[in-house]
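To begin, one chain is listed below as structure tokens, in the form predicted on its own.
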């Protein structure tokens, strides 16, 4: 398997002294997080790999922090675009695609994954193709999935979230636009509040919501820990991003260009996984060192308690996701 260092070395060796020409194709890569997050770093690497490997024929312009679109508007813009030379790539969270494929809700199920290795086993399996079926009918081409990491809970108050539902009662929690996440919060004892990512810091600071669920890289890069008192290391679900592009734009690219970009995406995905694993450790340490929020580890018994409390969510959404798919994922991951 390639390592990140080998990818960067190969990439550097592809730089030639050829004269510079205007790009034949321009791709605007829109995402909502900071450049120093796993997604932001992988997007920048992908842009560089494409530029080098196509020798400037394709120019990827990266727009972080919702500078171009937010995750809702970017999909609309992508589907409405008819240009064959200028395309849009976006990487919204998987929960944004539920309206196109109910099967993708499986990624939001609480405690489906023990760790990121479980996530990668699913993403790299044939089941993933079946989960993205239907996107093409909406004009979208699924390219790959990028990690952010496993989610933890933060809250403002006089104690950490450990006992459910007692510690959640009377508190509002920001969630993504996921009905499964909403049901999970309700079963834990709290009140869910769907808010765009860019509004989370203000909502936490002003007390519009009391807490939120997110990964270490997002908590650190957006400074959520500065307006929270406790972070419970629950690792209860996965936050990942589905990279998509207009099906029309992608299918009309020359075959050699499409192949080169596909390989660049594979290499950027490998790098993204390393970035996410690194952030899971380093960003947690940075949050702890900042001293604003106290980080509280949860015991196996406490996690199992949360697992039991949220288990009805699985039954509630089994028919929507597909019982056969859920059983297939559990078998794939070796879960009972």
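Positions refer to the first chain, counted from 1. Model, not experiment: these values are computed from the prediction.
Another form exists, predicted in complex with (2S)-2-hydroxybutanedioic acid (LMR); not displayed. Remarks below refer to it.
- Distance criterion of 4.5 Å from any heavy atom to (2S)-2-hydroxybutanedioic acid (LMR) in the predicted complex singles out 176 from the list 176, 260, 101, 232.
- Listed residues 96, 187, 236, 220 were compared with (2S)-2-hydroxybutanedioic acid (LMR) in the predicted complex; 96 is the one with a heavy atom within 4.5 Å.
- The putative spot formed by 146, 266 and 276 is not touched by (2S)-2-hydroxybutanedioic acid (LMR) in the predicted complex; no residue has a non-hydrogen atom within 4.5 angstroms of it.
- The stretch among 281-289, 33-41, 266-274, 297-305 whose residues place heavy atoms within 4.5 Å of (2S)-2-hydroxybutanedioic acid (LMR) in the predicted complex is 33-41.
- Within 4.5 Å of any heavy atom of (2S)-2-hydroxybutanedioic acid (LMR) in the predicted complex lies no heavy atom of residue 216.
- Shown alone here, residue 153 lies farther than 4.5 Å from (2S)-2-hydroxybutanedioic acid (LMR) in the predicted complex, counting heavy atoms only.
- Not displayed here, (2S)-2-hydroxybutanedioic acid (LMR) is kept clear of residue 111 by more than 4.5 Å at the level of heavy atoms in the predicted complex.
- For the chain shown alone, residue 197 is a contact residue for (2S)-2-hydroxybutanedioic acid (LMR) in the predicted complex, at least one non-hydrogen atom being within 4.5 angstroms.
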